[in-house]
Structure formats: C-alpha cells, structure tokens
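Below, in structure tokens: the form predicted on its own, a single chain.
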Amino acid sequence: MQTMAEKGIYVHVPFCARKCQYCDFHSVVADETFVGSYFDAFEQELLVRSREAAADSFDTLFIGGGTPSILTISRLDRLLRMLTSSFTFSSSAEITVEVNPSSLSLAKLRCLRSWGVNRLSMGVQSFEPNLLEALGRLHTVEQVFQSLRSARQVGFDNISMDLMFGLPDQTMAQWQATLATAVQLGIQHLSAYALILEEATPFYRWAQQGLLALPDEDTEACMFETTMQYLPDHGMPQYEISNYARLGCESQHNMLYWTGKPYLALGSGAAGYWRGRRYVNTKDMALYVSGWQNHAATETLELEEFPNRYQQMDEYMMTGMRLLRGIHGPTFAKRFGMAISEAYPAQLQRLLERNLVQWTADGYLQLTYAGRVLGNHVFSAWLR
C-alpha cells in the first residue's frame, strides 16, 4: 500500500437527476436556479474553511454526492477552481470525483482532468439491465462501457467502481458474472456493498409490504464470500471489508476515515473531523444557503462535538478493524496511552474466543476469515 495520506477534504454535492429506490444519502433532484444559490453559499463556507486550514497541505480531495457529474461543465469548472485556489494540495494528492455514467461526457471528463482530478469513483451497481431498472438507475450497461472508454481516452488510469449485491431477484450467477465483467474491464478499485434497506426509501416500504424478492441470508452471505475469493484471485486483494484494489490503488481518502485522520468537510450534509472537532453540516438546504449567505455559520451546523478520549478510542477501533491488516497494537497504545487489552478486556477476550479476531506476529489485531464474514459483530463490539 502506498504512503498513507494524513489530511483530506470532502465536498458534498447534494444534487441528483433522480433519487434511486434504495438511496437514503443526502441529495435532492437538481433545480438549476437553486443550484446557483447553493454554490454561492458554498463559496462562503469555503472561504471560512480555507482560513481554518491556511497553513495546511492536503493529501486527498473527494467530491461526492449526490451526483457531482450532473453539474454543468461551467459549474464543475467553478467548483474545482474554487477548491484548488483556496487550499494547498501535496504534489501527489489523490483527487477523486464521483461520477455516474448517465451524466458523464467526454467534455466533462476533460474538464476534470484539466483541474488535476486523477481518480474517478463510478456508480455502476450492476451490469444487469433489469436490476439497474429496479434500482432506479438512469444509466445503461453500454453507457458504463462508453464512460470507461472516454475516461481512459482523456488519461484517467485510476478508476473505482461501486457494485451492489443482495438485490431483489439477483441470482448468484448474476453476481458472479458482474464480478467477472468488472475484472475484465480492467478497473483499479472496486467497492462491493450489500443492499441495506434504509427506512426512508421506497425499497424499505416495498420490503415491508412483501413486494421485494430479496435473496435469503445464506445466498447473500455466499455472494459476499464469493467476492472475497474471486477478486483477490484476479489481482484485486481485499484491503477493507467492502473494498478491493490493485496494488497501490487503495482509496487514500477513505483510509483517512478508517485510520482516524483529520479531514475538512464542505457542503450541505457533509461531516468533518478537524482539530479534534467533529461536525456535520445541516441537511436543510434552505438553512444551509441562508446561513452562509448571512454569515451565520453556527446556524448551518446539525452537529458539533469534541469527542473525548474514550469516544475517540471506540471510533478508532470500530473503523480501523474494517481494514484487513487490522489495528497495530503499539500504535494504539502510543495514541491513547493504554493497550487494546486494557481498554477493552472483555470485548477482546470474547472476540478471540469466538475466533473472530486474531493477533499477528508483528502486533496487529485483525479480523479472521470468520470475522470478515461476521464483520458487523466485530465492528459494533467496541462501542461502549
């Protein structure tokens, strides 16, 4: 794995062409007039955040959503100009933009490259037309292929893809074919997520009404295990519970989250962790716009807190154990002033006895194979 990033910036673009049936991420259907007002307000937040970090150099920038690629070329150009002129980035910074095949064009890709974007995260989810339709995705399979060709044409050589399993009417054969297609396309990074039924979504309501034919737990578990076996066998080792990458192409920005590093966050609904302060911007779009327009920054916060030592430990364990390499015991002890066995004696003993975690010879506490399969039991065990 390449040298780890130390500081990052996350930017949330909360606009989509249409909400997907399973999605509860913070986003709204784009209205061009409001988009303009939003970015005027965003610029005010950016001025404040850039002053907070005037002496800092950043190793990652991740623009997510929502659907950043739904923005017009002029808005993408403005957004990237604001960010690159307001913050200092290291010469090797990883700069990622989330894109959807339905809203991506050669011209937009050229715009992204011109501002130094060097990584794309593409929301694909499936290569089965019937599943794409059921999910509410707007793109076709051919648009995925065309987007990849266009991205490579303008020089992108670090492309990540999101895929989903456990979908309504999805078969094991379909999931195996999806993985094979992704590998054949030669992408550098793959995130494979199980469908989660979130309460505020149409999928949740339909499942409650018995209208979704979801795979049973054994089939979903088999899909997960198949992923863990197939991708490493084809040159994409698993490095985090849901993420696989070719050597050196691991997501540096996401590593910040998993290793407790600081990151600024900008935009409605964005969550940041900076100088020991955790904050979440309001998801109320009108409040976000009015607050920043009126220079009333405190009104735009949904949450602001300073986690204490024990909260920081819990979060560090919960996120760090998602990594296949695990958590380095001596590093934990140096950071928090006590060993993992001292901070979590009962939890650790219980997980060791169940063979869900293990100590390595070089001092890492990591998931066993059984622990990967039952990951949620391990991640939640550290919360007091």
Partner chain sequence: MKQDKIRNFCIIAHIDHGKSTLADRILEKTHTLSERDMSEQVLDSMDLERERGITIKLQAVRLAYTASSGEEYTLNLIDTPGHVDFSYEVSRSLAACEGALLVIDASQGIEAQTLANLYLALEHDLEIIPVINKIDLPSADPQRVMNELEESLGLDASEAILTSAKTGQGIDDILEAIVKRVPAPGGNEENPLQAMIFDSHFDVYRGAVAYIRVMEGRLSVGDKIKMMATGRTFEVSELGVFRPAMVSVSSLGPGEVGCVIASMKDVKDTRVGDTITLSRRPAPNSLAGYRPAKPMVFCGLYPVDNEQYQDLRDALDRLQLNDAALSYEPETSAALGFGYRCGFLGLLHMEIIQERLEREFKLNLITTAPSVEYHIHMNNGSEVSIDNPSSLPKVIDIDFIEEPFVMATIMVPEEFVGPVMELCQDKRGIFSNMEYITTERTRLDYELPLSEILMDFFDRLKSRTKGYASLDYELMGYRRSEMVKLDILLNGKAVDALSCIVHREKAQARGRNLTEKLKEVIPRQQYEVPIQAAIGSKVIARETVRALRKDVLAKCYGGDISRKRKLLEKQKEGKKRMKSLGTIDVPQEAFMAILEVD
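Positions refer to the first chain, counted from 1. Just so we're clear, the structure is a prediction, and the values are computed from it rather than from any experiment.
Although it is not shown, the form predicted together with its partner chain is what the next lines describe.
Undergrad: Using a 4.5 Å heavy atom cut-off, which stretch among 218-226, 110-118, 152-160, 179-187 contacts its partner chain in the predicted bound form?
TA: Correct option: 218-226.
Undergrad: Name the residue from Arg354, Arg49, Arg325, Arg335 that puts a heavy atom within 4.5 Å of its partner chain in the predicted bound form.
TA: The residue in contact is Arg354.
Undergrad: Which listed residue (Ser242, Gln174, Gln143, Ser86) meets the criterion of a heavy atom within 4.5 Å of its partner chain in the predicted bound form?
TA: When its partner chain is considered in the predicted bound form, the option within 4.5 Å is Ser242.
Undergrad: Does its partner chain get within 4.5 angstroms of any non-hydrogen atom of Asp77 in the predicted bound form?
TA: Residue-level check for Asp77: no, no contact with its partner chain.
Undergrad: Contact between Phe25 and its partner chain in the predicted bound form at 4.5 Å, heavy atoms?
TA: Residue-level check for Phe25: yes, a contact with its partner chain.
Undergrad: Using 4.5 Å between non-hydrogen atoms, is His139 touching its partner chain in the predicted bound form?
TA: Output for His139 is no: heavy atoms all beyond 4.5 Å of its partner chain.
Undergrad: Would Tyr257 count as a contact of its partner chain in the predicted bound form, using a 4.5 angstroms cut-off between non-hydrogen atoms?
TA: Tyr257: yes, in contact with its partner chain in the predicted bound form.
Undergrad: Is every one of Arg350, Val373 and Ser380 within 4.5 Å of its partner chain in the predicted bound form, counting heavy atoms?
TA: All three within 4.5 Å in the predicted bound form.
Undergrad: What residues of 76-113, in sequence order, lie within 4.5 Å of its partner chain in the predicted bound form by heavy atom?
TA: Stretch hits: a single one, Glu98.
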